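One chain comes next, on its own, written out as structure tokens in the form predicted on its own.
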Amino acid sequence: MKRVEQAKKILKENNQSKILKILENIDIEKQEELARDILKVDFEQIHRLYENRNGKNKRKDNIEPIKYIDKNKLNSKQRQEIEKIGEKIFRQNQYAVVTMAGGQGTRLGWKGPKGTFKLDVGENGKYIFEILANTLKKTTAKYGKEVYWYIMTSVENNDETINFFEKNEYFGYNKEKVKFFTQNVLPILDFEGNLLIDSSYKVKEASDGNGGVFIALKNSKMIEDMKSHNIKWVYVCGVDNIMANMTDEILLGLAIKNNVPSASKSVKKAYPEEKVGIFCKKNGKPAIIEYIDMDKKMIYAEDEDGELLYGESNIVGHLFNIETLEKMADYKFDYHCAIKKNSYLGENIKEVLPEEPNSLKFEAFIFDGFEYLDDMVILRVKREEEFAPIKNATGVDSPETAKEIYEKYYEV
């Protein structure tokens, strides 16, 4: 009962009266479970997140276009020179890939980790993880070196993901080169800053966004693992882009040649009003500006060649050298607040299923770390060659559109 009393004291000190009532009105065994969870909560962080939920009052940002390199406009001599620089890293086995795969396939109508979703391509279909594994196997065949593959899961899907790989024998990839680590979580709050408790008497939590990949790599000692294998460069991308070219010698070669700590891939904006994040310079630093933060003047602005000034869409494909990856884990990111609908345990110890959004979810984005970079390379690639995300069940960025791009490119 000592743990329960400690939890009560902490809840009182942090004005969590609703949660205190729940704790006081459940049986002893459940009290122990909930108290254990409450004692793990960093209430200083919770207060900070809640106070900053509407964003900090910052000076007006100076937004400017960012330079980019069009991969398909490099001539053969340029490509050969740049590829040779990148190839050296692969031949020395100093490269790793991180796949962020903490999400579930709920929006696709799929029960399970998104990476276990099977796409209707080829004769028998292919799982997303299988497609990514096949991409890495091509690099193995080319250089005779197996790229280390780090897969970020979530608390929710970690076991299922590992079991899936075991069941499918890692799709022929070397098991010793595949490492799993879990994403961090943050408590979900109600609109008054109270914790939410779920029906299993635990503090309700959600993953801390793809910007949490840096601290997750550090806390899981995966950065230490990378350094022990003499990894120099790491490519970080999402699980849902089946066309991701994760081992691109040109992206790597350009980063090294330009002596920058990071490089990212972009695709040309499909049309001015496309609702995507756009690469730019913010107060002199690399950044991504969200569509909702762009005024009409910015959306339609063109350069002297008729190209959109703000036309480089973020496809979540980011390269970092190992030193930068490690530093990012120590930087303090501003968390973004999203309003969500979440069930919770009411003070009468009954589950409440809200009809409207009722809670605050906090997450960091990977590009929030760009503000710590002095410069980076942006490489424009062809959408039809490197970008086929699977996010929605139907329509744009769906299995249907991804299948079309995949089969056209690979002539399936």
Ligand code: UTP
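Start at 1 with the first residue shown and count on from there. Because the structure is predicted, anything quoted here is derived from the model rather than measured.
Beyond what is shown, the protein has a form predicted in complex with the ligand; the following relates to that form.
Note on the partner interface in the model of the complex: the residue among 262, 161, 266, 183 having a heavy atom within 4.5 angstroms of the ligand is 183. The listed set 106, 199, 258, 168 contains one residue whose heavy atoms approach the ligand in the model of the complex to within 4.5 Å, identified as 106. At the 4.5 Å threshold, heavy atoms of residue 240 reach the ligand in the model of the complex. Although the partner is absent here, residue 116 is not a contact residue: none of its heavy atoms lies within 4.5 angstroms of the ligand in the model of the complex. At the 4.5 Å threshold, heavy atoms of residue 391 reach the ligand in the model of the complex. The ligand in the model of the complex comes within 4.5 Å of a heavy atom belonging to residue 208.
Residues with any non-hydrogen atom within 4.5 angstroms of the ligand in the model of the complex fall in just one of 88-96, 278-286, 208-216, 328-336: 208-216. Shown without its partner, the chain has 152 as the single residue in segment 140-159 with a non-hydrogen atom within 4.5 angstroms of the ligand in the model of the complex.
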